[in-house]
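Just one chain is shown here, as C-alpha cells, and it is the form predicted alone.
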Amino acid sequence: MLGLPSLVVALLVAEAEPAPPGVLTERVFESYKGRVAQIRILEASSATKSAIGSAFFVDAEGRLVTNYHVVSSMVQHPDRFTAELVREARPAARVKVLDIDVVHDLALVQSSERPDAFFAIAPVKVEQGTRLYSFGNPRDLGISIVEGTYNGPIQESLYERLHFTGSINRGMSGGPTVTADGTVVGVNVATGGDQVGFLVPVEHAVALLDRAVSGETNTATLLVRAKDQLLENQETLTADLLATPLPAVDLGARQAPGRWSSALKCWGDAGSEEKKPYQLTDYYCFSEEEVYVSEAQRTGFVKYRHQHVTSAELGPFRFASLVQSLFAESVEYDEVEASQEDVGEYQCRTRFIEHGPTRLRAVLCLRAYKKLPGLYDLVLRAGSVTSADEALLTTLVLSGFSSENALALARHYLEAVKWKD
C-alpha cells in the first residue's frame, strides 16, 4: 500500500505523462478553435462570396491576422469588394483592412466583434520536429485542425517561409499554426502538396500588430503601401545580386551565368535521345517563390535560361534558321503573369553588344506597372552570332524591379556571357 508521499509522487508522475496524440489534438482544438474565424470576401453589388480564407484574433480589440492574398481584392478594388467575419453560432461581423505586408503575404484586419479570447503573438523559437497544429476553414467545411511537424525555415528562398509537414488546404490560408500550448509559430500561407505546407514566420505578424497598436500604421492607401513595400524589397534583392559575382557554367565554347544566388534552383537538360541533326543543352535557374499582388498578377522573382546548340550537319544557313526559331520560341519562357489592367505593353530595343571576343544580339524589353508605379518587368533575350555551327541563347526575366535596378542587373548578367579563356 502506498504511503502519502509515495501516493503524491505517483500522482505527479501520472499527471506529467503526455496525453495520447488523439486526446491531445482534441484538447488543442477545443482550447483554441474560438480564436479562429473564416473571412468571406463579398462582391459588393450582389453580396455573393468571391473568396474565402481564415484569420485569427490577436488582441482584445478585435484585430485579426490573415494573409494578404485573402483580402487582396479589397486592396485592389475597395469599391467592388467587402468582407465579413464568420464564426460558429454567431452572426457575421464587418471587417476592414488596417494594414498589409505584401512581401510576406500578411494583412491585419479589424472586426466589429470583440473576441472572448485571442492569441498573444510574439517571436518564438521552435525545435525541428516539434508537433504543430494548424487551424483553418478548408474548402468552406468549417473550422478544422490539422496535425503536422515543424521542419524549420526554408533555407534557400527569396522570401522567409517555414516548412510545415502537414496538409494546408484551400481556405486555411491566414489561419494560425500553433504548438500544443497555443503558441503561434506561423501563419498558414501555401501548400506544396503531398503533406508539404508553408507558413509565414509569426514575427512578421507581430510587426504588423505592433504598428497598429503604436499608431504607426501608414495613412497612405493600401495600394501605395504595397508599392512602397515592393520597392523596398527589390532594393534589398538588387543589392544582394549585384554584390554577388556571377559563377560561370560552361556550355561548349561559351560561358554563361550559373547559380546566381542560393535562393535559385538550377537544372540542366541535354534533350532526348531522339536523333536530330543538332545537339541542344538546356540550363535554367529560377526562384520558386514569388509575391502575390492580385489574382491576376505575381511579381518579385528572378529566372533565366540558356540554350546551347551545336551542329556539324546543318550547314551555316540551316543552322542560322534553327537558331532564329529557338530565339523566337523562348518567348514562352518570358511570360510574366499579369493582366492588361496591371501592366502596360513591353517597350523593346535591340542592340549588338561586343564583349571581348563575344558578340551578342540582345533584345531588352521593359513594361511598367500601372497600379504600382515605379515597378517594372524586364525581359532580356540575347544570342551569340559568331559561329556557323555553335550558338548560345540566353533569356533573363526580372519581375517587380525599378527600371534602374532591372537595367543594372541585366548589365551584370550579360557581362557573364563570354567565350571561355
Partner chain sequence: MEGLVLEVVEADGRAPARYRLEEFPVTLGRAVDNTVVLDDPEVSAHHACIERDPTGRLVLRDLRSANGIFDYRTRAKVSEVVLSAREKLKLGGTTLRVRGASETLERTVISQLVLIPEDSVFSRRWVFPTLALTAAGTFLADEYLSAYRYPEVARLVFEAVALLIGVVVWTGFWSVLSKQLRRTFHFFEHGGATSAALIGLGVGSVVEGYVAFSSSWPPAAPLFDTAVTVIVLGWLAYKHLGFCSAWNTRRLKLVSALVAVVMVGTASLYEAANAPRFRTQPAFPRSTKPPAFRVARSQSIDEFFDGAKGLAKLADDAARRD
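The model shown is predicted, which means the values in this text are computed figures rather than measured ones. Numbering follows the first chain given and starts at 1.
Only in words, not in the display: the form predicted in complex with its partner chain, which the text now covers.
Engineer: All three of Asp79, Lys96 and Val109 touching its partner chain in the model of the complex at 4.5 Å, heavy atom to heavy atom?
Structural biologist: Looking in the model of the complex, the three residues Asp79, Lys96 and Val109 all stay beyond 4.5 Å of its partner chain (heavy atoms).
Engineer: Which residue, Tyr133, Tyr159, Tyr346, Tyr284, has a heavy atom that falls within 4.5 Å of its partner chain in the model of the complex?
Structural biologist: The option sitting close enough to the partner is Tyr346.
Engineer: Can any non-hydrogen atom of Thr179 be found within 4.5 angstroms of its partner chain in the model of the complex?
Structural biologist: Thr179: no contact with its partner chain in the model of the complex.
Engineer: Can you check whether Leu392 is within 4.5 Å of its partner chain in the model of the complex, heavy atom basis?
Structural biologist: Contact with its partner chain, no.
Engineer: Quick check on Glu30: any heavy atom within 4.5 Å of its partner chain in the model of the complex?
Structural biologist: Taking the distances in the model of the complex, the answer for Glu30 is no, it never comes within 4.5 Å of its partner chain.
Engineer: Is there a heavy atom of Gly268 no more than 4.5 Å from a heavy atom of its partner chain in the model of the complex?
Structural biologist: Output for Gly268 is no: heavy atoms all beyond 4.5 Å of its partner chain.
Engineer: Partner absent here, but in the model of the complex, which of 110-118, 315-323, 249-257, 231-239 has residues with a heavy atom within 4.5 Å of its partner chain?
Structural biologist: Result of the contact check: 315-323.
Engineer: Taking its partner chain as it sits in the model of the complex, which residues of 275-307 have a non-hydrogen atom within 4.5 Å of it? Please list them.
Structural biologist: Residues within 4.5 Å: Lys275, Lys276, Pro277, Tyr278.
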